[in-house]
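Shown next are two forms of a single protein chain, provided one at a time as structure tokens under the names structure 1 and structure 2.
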Structure 1
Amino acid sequence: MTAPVLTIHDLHLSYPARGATGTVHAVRGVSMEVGAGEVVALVGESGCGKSSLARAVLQLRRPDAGRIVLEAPDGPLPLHELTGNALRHARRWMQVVFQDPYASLDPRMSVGDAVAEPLRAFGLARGAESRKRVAKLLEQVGLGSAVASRFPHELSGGQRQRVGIARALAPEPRIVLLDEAVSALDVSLRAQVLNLLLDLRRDLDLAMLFITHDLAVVRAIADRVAVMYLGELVEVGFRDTLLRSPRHPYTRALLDAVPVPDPARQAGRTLVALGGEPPSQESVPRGCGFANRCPLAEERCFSERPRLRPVDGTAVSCHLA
């Protein structure tokens, strides 16, 4: 791994439960790093805390505890401590691409104005210089400068997502967070956008935290994979190692849920079957959060919480790995 651009240490984030007096423990003790020019895929079921982690990194939701440090060109920025103008200026170095390209653009703003907005917000360019940089950004994402005068309703879903990527690149960030950024696109457009992101990663040495539930996307774009369950990381490792030899039963179950296109191979697979439902995040279990669904669980799993530890090239949070 290259030198870390983003370092997260023992991060906790909770919300008041809707319509109740309890607390939703969305992120519980997460520690991870994203290196320069590296794509880390954060995967897991809906509701496991992936987007909450992204919101904490972006400081859209202040964490309850933990540290988040971003390496900016002028030195490390402790995002968890910053407020006001200091936080506003720090946000130049971390940008986001949202899931829905239809909802993430203002329908009343032209493409050129949307891409130029970060340049104005951070005082980077105005007037002719801004228009020049917008044209370059649109060329960079494969749209062409002529698109600047068009409005979102005149573009396809794939084109809109490219506009979102151009907007994220405008302030020259160190890291981009992509929250299910291709899930709303059809398969052919998804491949095009993923290839674009890989080219940008290479050309700009750009770090990316890619949040997804789609393991096909993970195979296409990730360098490393972090698997999340019930607000915790249960396995972290290099893509090929983790996908070839998963060590955590939950990672194995995620991979088993993806069908193989060869009927003979599919019929010969030995699959891990999961029963039950994930525990409520309002009443987190004392031991392993996955124990009530795990086919291998033993008494220790229900009473003692496992911690991430190195096992054969990955880090695994499992007593039995």
Structure 2
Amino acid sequence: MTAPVLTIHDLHLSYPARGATGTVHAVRGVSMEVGAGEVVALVGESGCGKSSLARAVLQLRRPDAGRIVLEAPDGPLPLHELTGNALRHARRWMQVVFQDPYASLDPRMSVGDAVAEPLRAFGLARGAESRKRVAKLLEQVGLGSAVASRFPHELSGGQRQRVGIARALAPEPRIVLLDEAVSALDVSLRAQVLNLLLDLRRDLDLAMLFITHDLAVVRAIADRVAVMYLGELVEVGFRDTLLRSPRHPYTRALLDAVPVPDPARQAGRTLVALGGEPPSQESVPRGCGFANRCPLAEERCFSERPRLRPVDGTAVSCHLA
């Protein structure tokens, strides 16, 4: 792997719990790296902390602890230490596509202005030059430059997602965090947008942290896969290894051992998980977070917390792996 463009070390993020006095531990000690031009897929069931992880990495919500280092063209930037203008400028190199295409666009800002916002804010282009680049970006994501004068309420969910992608790509970052960024696109559009992203990765060495539920997307685009459960990474490995021989019981459950005979259906299969509920994030168990649902759980799983450790080239956090 080339030098990591993003290094996350022991990241913790919690929210004050609603109503009561406790805290929600949304991210619990995540460490990972994303290499230049590398695509890492982050998977895990709803509420496990994927979006929170992205937020903390971007310092949109200050993490409780943890180091985030972003490799910018003129040297490494320790995001967790930066504030004010330094942080603002650092963000140019790491962009984000938010999960909710409805909430993440200002209803009173035209699409063109929204895509131009990072260009203006980072001082990259203004006026006619900016309009030209906006038109090109909009065309790249398959929207056509005419939508520039439209407002978000006039667009479909899928169109908004593409506006979000165009906007994230505008300042030519080194890494993009994509939070379910293609979930509302139909199959052909999704392929088009994924191909665009892969082209950019080839041409500009664009790295991606790709949060998704869709196995087909993981297959199409990921180099490595990170599996998250209850705020922790439970397995991180190369795509093919991980998909072919998952080590962690949770990953196995996610991938669902039973093969689907029809390849088309196999491709469209999403990561739907097993029965039962994950424990509350307000009272995280002492041992393995997965123990109450794990078919293999034994005594020490409830008392001793497993750590992420290498097993045959994959990192797994399970006593029995």
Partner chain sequence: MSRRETKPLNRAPHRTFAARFLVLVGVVAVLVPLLPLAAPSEVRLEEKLAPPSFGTLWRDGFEPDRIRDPGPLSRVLIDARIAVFGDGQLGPLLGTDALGRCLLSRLAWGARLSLAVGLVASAISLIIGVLWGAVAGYSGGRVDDIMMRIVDILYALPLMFIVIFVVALLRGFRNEHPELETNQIIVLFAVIGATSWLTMARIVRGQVLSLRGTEFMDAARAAGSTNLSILRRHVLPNVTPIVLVTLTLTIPRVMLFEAFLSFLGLGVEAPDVSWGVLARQGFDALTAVHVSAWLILFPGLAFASTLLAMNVLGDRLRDATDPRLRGDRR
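What you are looking at is a predicted structure, and each value in this text was computed from that prediction instead of being measured. Residue numbering: structure 1 sequence, from 1. Heads up, when I say rigid core I mean the largest set of C-alphas that superpose within 1.5 Å between the two forms.
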| item | value |
| --- | --- |
| Index of the chain form predicted alone, chosen from the pair | 1 |
| Among 28, 177, 291, 160, the one marking the hinge of the rigid-body motion between structures 1 and 2 | 177 |
| Relative rigid-part rotation, degrees, compared between structures 1 and 2 | 15 |
| Angstrom displacement of the CA atom of residue 129 between structures 1 and 2, core fixed | 3.1 |
